[in-house]
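Single chain ahead, written as structure tokens, the form predicted on its own.
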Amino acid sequence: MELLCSSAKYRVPTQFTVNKTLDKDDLLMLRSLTRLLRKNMWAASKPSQTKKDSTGGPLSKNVKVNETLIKQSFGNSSDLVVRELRVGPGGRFTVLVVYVDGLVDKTLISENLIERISDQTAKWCNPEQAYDDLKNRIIAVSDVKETGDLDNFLNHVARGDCGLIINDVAKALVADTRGWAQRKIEEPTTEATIRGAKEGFVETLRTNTSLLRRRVKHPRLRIEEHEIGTISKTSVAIAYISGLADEKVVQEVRNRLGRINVDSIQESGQIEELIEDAPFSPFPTILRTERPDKVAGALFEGRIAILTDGTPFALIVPATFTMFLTSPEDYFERTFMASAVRAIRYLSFFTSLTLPSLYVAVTTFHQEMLPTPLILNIASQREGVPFPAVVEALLMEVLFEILREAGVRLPRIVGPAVSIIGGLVIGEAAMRAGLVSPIMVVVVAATGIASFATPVFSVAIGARLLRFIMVLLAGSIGFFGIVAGLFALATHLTSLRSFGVPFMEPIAPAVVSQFKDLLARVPWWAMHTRPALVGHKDLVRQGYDQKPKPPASSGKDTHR
């Protein structure tokens, strides 16, 4: 039998001699082998982007050769600045200053590099002496590195560093002179709170790590930086507290980031999709946030944060379902108010998921479950509506989602006004035209408002998508369809894992010690331990004698 494996450029015949009739297992094996051969041949035929763009090799001792290679590598870009300085006795030595305009602090380069180098009158005997003098005495920049590799030198310059090359020395100095324009620290737009910190992450990685350092003032805070993207060279940092985070989970994060092989990373959402446990689940298994206080709180529990240069959103792993329904405000307000608001939030999530389907099931199959005056009122409102309840619900939900998306995409000044006015106009017009009933408009509006109470957008949108499936199930077999849908959803959620931690913990598996921070939150003085499955390296977070103890009354008014 002849197996032909073809690709864009290759067609390789491979001979297999078979002396028996192929059974099902043999056919499956051959099919797997065919896919493997095609995959390997496609990978071999695809040119390596890294090799194609790489100049490679060590730096030359000839400064003119280095200058030519640098300009060719950057394609003679207009923002590349290459300046030649003549220093030493009679201008004997040539120093090449290389940087990218817009990524550096020009004042720092002028005063601490060019001016100090130009003013030198030292009588250097050889280029090595001049190189050492530049490195150890002249360059007035805090972080100076040396490299002998051209690729490494180019990468540093592309990041915003300033490179210095001296003639007759096959090494270069790289000074940290980064100083590009950046957005100032502001209040997060997606996670606003009434009480708590009013500063959020920005698009600069080093600023974000400093925000974490300000909240975790301890040397046990570890920040490991990785580079992802063969072209973009995006800096990605892993942050955790040594002794609290499980080293196995930290290593798993390192491994998953190390397996990423893409051309570019522009946002943490790309990393999230490349390392998550359940890519086809409607619910995320990695928590994202732009609040430094939320990340710091997760680090104190033994979790790990992933910060990406170029985006204000950080990723937190391992994540559990309950984390997506909590807000930083829950831990800053007093326990009774925080617990009440959290309970409302859980109720709102369940409402946004099931309210339209409950209405469809009751009006279609289970009219006897409502009081007679109420069902007669609903029936009178639906009189003349040409669609069944399930079509009516789907129609209104689709219109509501279109209005919500339009409000998000429009300019910020007119977006809210258009979404509100559009909802009122379309709802009123649909009722007057007899396309929908007034009660359906109320149900859809209540569902939309309930969905806004979910703190994390990615979970809210998952509930919005599942809402359509629940409506279809309710329109097919009533309450039995709703129960089957909820049972399937619960089964799916309990099967999920986030970096080895059950997604529904502490509900499934039940961890009784963590019920103190589930539906309600106990006072801070009673939260003695960290989450058991995450912070097991050091469970105790505070002493057991933190309960306030006001002085006993002596029977006399001491302030009289």
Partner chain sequence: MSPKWLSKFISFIFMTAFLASTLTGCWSRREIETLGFVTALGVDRTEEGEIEITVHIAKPFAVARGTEGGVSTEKGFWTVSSTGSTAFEAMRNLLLQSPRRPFYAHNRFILIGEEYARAGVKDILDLFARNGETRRLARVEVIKGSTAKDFMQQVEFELERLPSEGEEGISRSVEVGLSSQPVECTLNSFLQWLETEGMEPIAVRLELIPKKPDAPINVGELLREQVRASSKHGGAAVFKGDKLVGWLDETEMRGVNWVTGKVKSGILVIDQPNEKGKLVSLEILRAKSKFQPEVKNAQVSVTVKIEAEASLGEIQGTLDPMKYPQAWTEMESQMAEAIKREVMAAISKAKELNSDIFGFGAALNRKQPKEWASLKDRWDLEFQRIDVKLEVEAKLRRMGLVTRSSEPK
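Computed from a prediction, not measured in an experiment: that's the story for all the values here. Numbering follows the first chain given and starts at 1.
Omitted from view is the form predicted together with the partner chain, to which the following refers.
The partner is not drawn, yet in the predicted bound form one stretch among 86-94, 373-381, 311-319, 327-335 has residues with heavy atoms inside 4.5 Å of the partner chain: 373-381. Taken together, 389, 432 and 475 are fully in contact with the partner chain in the predicted bound form: each brings a heavy atom within 4.5 Å.
Comment: the partner chain is not present in this chain, but in the predicted bound form one of 282, 102, 438, 229 has a heavy atom within 4.5 Å of it, namely 438.
A single residue from the set 264, 364, 152, 129 has any heavy atom within 4.5 angstroms of the partner chain in the predicted bound form; that residue is 364. Put simply, residue 368 is close to the partner chain in the predicted bound form: some heavy atom of it is within 4.5 Å. A residue is said to contact a partner when one of its heavy atoms sits within 4.5 Å of a partner heavy atom; residue 114 fails this definition for the partner chain in the predicted bound form, lying far away. At a distance threshold of 4.5 angstroms between non-hydrogen atoms, residue 216 is out of contact with the partner chain in the predicted bound form. When contacts are judged by a 4.5 Å heavy atom cut-off, residue 260 does not count as touching the partner chain in the predicted bound form.
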